[in-house]
Ligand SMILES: Cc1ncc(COP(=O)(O)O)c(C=O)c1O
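Okay, so here's just one chain, in structure tokens, the form predicted on its own.
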Amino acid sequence: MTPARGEGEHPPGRGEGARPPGPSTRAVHAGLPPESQGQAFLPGPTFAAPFHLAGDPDGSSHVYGRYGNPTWSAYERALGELEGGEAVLFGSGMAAASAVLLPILFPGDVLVMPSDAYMGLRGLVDSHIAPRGVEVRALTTAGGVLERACLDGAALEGASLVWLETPTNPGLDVIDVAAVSDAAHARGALVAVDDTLATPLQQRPLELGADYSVTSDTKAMTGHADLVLGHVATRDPARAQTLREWRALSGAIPGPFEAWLAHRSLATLALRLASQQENALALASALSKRPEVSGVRYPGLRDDPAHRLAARQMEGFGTVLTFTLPDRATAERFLAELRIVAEATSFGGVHSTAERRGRWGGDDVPEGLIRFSAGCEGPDDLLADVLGALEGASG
């Protein structure tokens, strides 16, 4: 595990043998243009539909706003530096996922995926992938079922694409990306990893062998609960070009102002994650000792089933934990008693949020399961609010 707060980090080194920059330094400097006298560190957003275009369009870097924008390009460079590949930005996380799945899966292909994947992805597969004649093999991530089925080859026969989500939402199970990628590639299948809960600052699927790294930037990447964006990273230039072509044809483009805000937010990503993870671990530890709480899951807990693999594969344990209260009524009383924690359905932001996940009906979870996203509030304040809400809900 690397240090959570980037201790001992220095600006990017110069010369042979310079130590690689730490996570905070990489996040702060990612995608910035070369220093130029009198210019801003991060240029402002470019608002344009058409660009000046005389003669042959191949000689212009930008031609029309659906095909590209300088502000997108700057943020994509930043994401590519963090991912270790080439990044393509989309208008949402689901648009990013769609850009991987829809252009490459055709009748007769086989998709292997978690049955406990993000419900939006499952909805896309059920509505648009399976009906076009793609065979879908959906296996639960819990208990290592999907991972074992891939490693022993049972799930991979004839597979075209393996979609992984790690850590899973809301189960918080972790999959060995390197091992599954090796097994999939040996059988001719591609691998895509939903990296949303980890972010590329804490887990880099491309370095672990995946072909695609997919992230909803709406969550921790931007972290302020005010943007909807997503991206896909790959090391294959041809796949990156296919993603761009899909974005242009489908119109799944981001706004330049949103892209600029996302790039601006990137500078604090490591700091936010460090604070949020400190809070998440403190909460998980405290909740594990409460008699009315069961099933606490957080990969940072040493006795969590995912801890050993997460410690080896990730550079942090994320901002989300889950726990189960005795029933739906207790969970709803708990949420109503919270004062500084908001009841909301997203995660990864600076504001702590919580929800009874079973209210959506799409996840196989107990009625009293709470998904909790730790924010950047003071740890003592956050603990006091959560523990006080538990007392109120129980009393």
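Computed from a predicted model, the values in this text were never measured in an experiment. When you see a residue number, it is the position in the sequence shown, counting from 1.
There is also a form predicted in complex with the named molecule; it is not shown, and the following applies to it.
Undergrad: If the criterion is a non-hydrogen atom within 4.5 angstroms, does every one of 285, 317 and 372 touch the named molecule in the model of the complex?
TA: Heavy-atom distance to the named molecule in the model of the complex: none of the three under 4.5 Å.
Undergrad: Which of 228, 267, 136, 311 has a heavy atom within 4.5 Å of the named molecule in the model of the complex?
TA: Answer to the contact question: 228.
Undergrad: Note which of 239, 122, 219, 297 lies within 4.5 Å of the named molecule in the model of the complex, where distance is taken over heavy atoms; exactly one does.
TA: Comparing distances to the named molecule in the model of the complex, the residue within 4.5 Å is 219.
Undergrad: Select, from the options 302-310, 176-184, 211-219, 275-283, the stretch whose residues sit within 4.5 angstroms of the named molecule in the model of the complex by heavy atom distance.
TA: Answer to the contact question: 211-219.
Undergrad: Please tell me whether any heavy atom belonging to residue 232 falls inside 4.5 Å of a heavy atom of the named molecule, as the geometry stands in the model of the complex.
TA: No, residue 232 is distant from the partner.
Undergrad: Please determine whether residue 260 contacts the named molecule in the model of the complex, using a 4.5 Å cut-off between heavy atoms.
TA: No, no contact at 4.5 Å.
Undergrad: Taking heavy atoms only, is residue 347 within 4.5 angstroms of the named molecule in the model of the complex?
TA: Result yes; residue 347 sits at the interface with the named molecule in the model of the complex.
Undergrad: Tell me, yes or no, whether residue 76 is in contact with the named molecule in the model of the complex, where a contact means a heavy atom of each within 4.5 Å.
TA: Output for residue 76 is no: heavy atoms all beyond 4.5 Å of the named molecule.
Undergrad: Are there residues in 160-178 with a heavy atom within 4.5 Å of the named molecule in the model of the complex, and which are they, in order?
TA: Counting only heavy atoms within 4.5 Å of the named molecule in the model of the complex, the contacting residues of 160-178 are 165, 169.
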